[in-house]
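To begin, one chain is listed below as structure tokens, in the form predicted on its own.
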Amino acid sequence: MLEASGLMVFYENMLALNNVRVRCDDNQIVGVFGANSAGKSTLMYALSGIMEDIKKKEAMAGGERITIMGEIRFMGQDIMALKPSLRAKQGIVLCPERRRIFSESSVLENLRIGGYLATTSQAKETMEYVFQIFPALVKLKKRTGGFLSGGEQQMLAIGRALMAQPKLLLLDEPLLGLSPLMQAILIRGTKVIRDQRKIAVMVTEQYARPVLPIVDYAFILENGAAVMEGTRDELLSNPDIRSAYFGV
């Protein structure tokens, strides 16, 4: 479905991604694990195309010069030149780090905004599905996003991403700052989304242990480079990786 190779991102003289290769196949949940500043968010921005927007804004403001190199293919097509809006239309949808919901809009309004790519029937069916997998949001439909808890905001952020009808859902550190109970709810919801909607998922996290039970394949990033990859069992067989990222 998606494969990136030779992916490099430079911020002025700093190398944020160094010759990274990652892939996500149909109906897979792929983990990307690494410490802070390992390049996880930069990778997600590069795959979704948002890095191109950041690059243009920095150039217009006279800020950091950003350079992006490499190849990204989605469903067999080279998408490196595509704007983020066109990548979203093709099915690559990012749920960004720290939720970034519309805090002054209600839960329903946030979901409707997310459905801008959907037909009326798709939006109606998907909204019903969001409330099915995240029932805690049902009683919060009219509540302003800024008054939701962190976990409720993350449910809403994932729901809003689903409204855009993704084929590949990119989740950037969805468990950040959440309780173990809320993490378990979101992990379960992510697996249900893959199993029921047949949506491929790529998820980044600093600590892999909560996500480990649901991933089919994973990549380890260190200092902007993919230093190891493999199935869950293959990574767990490496004692250094097991200690550093899985906490076991």
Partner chain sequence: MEILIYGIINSIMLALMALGFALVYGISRVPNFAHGAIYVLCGFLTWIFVRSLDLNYLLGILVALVLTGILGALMYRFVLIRVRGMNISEIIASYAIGLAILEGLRYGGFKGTTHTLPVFVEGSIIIGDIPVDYQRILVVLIGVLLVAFLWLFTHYTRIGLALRGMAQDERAALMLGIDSDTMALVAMAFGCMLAGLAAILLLPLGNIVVEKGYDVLIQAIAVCIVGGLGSWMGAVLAAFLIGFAQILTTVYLGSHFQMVVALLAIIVTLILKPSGLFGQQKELEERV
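Residue numbers count along the first chain shown, from 1. Since the model is a prediction, treat every value here as computed from it, not as a measurement.
Omitted from view is the form predicted in complex with the partner chain, to which the following refers.
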So in the model of the complex, is the partner chain close enough to residue 54 to count as touching (4.5 Å, heavy atoms)?
yes
Indicate whether the partner chain has at least one heavy atom within 4.5 Å of a heavy atom of residue 104 in the model of the complex.
yes
Verify the contact flag for residue 121: yes if a non-hydrogen atom of it lies within 4.5 Å of a non-hydrogen atom of the partner chain in the model of the complex, no if not.
no
So in the model of the complex, does residue 80 come within 4.5 Å of the partner chain, heavy atom to heavy atom?
no
Have a look at 214, 182, 50, 35 for me and say which one sits with a heavy atom within 4.5 Å of the partner chain in the model of the complex.
50
So which of 93, 140, 130, 175 reaches within 4.5 angstroms of the partner chain in the model of the complex, heavy atom to heavy atom?
93
Name the stretch, out of 218-226, 57-65, 26-34, 202-210, where some heavy atom lies within 4.5 Å of the partner chain in the model of the complex.
57-65
Across 109-136, the residues having a non-hydrogen atom within 4.5 Å of the partner chain in the model of the complex turn out to be 109, 112, 113, 114, 116, 117
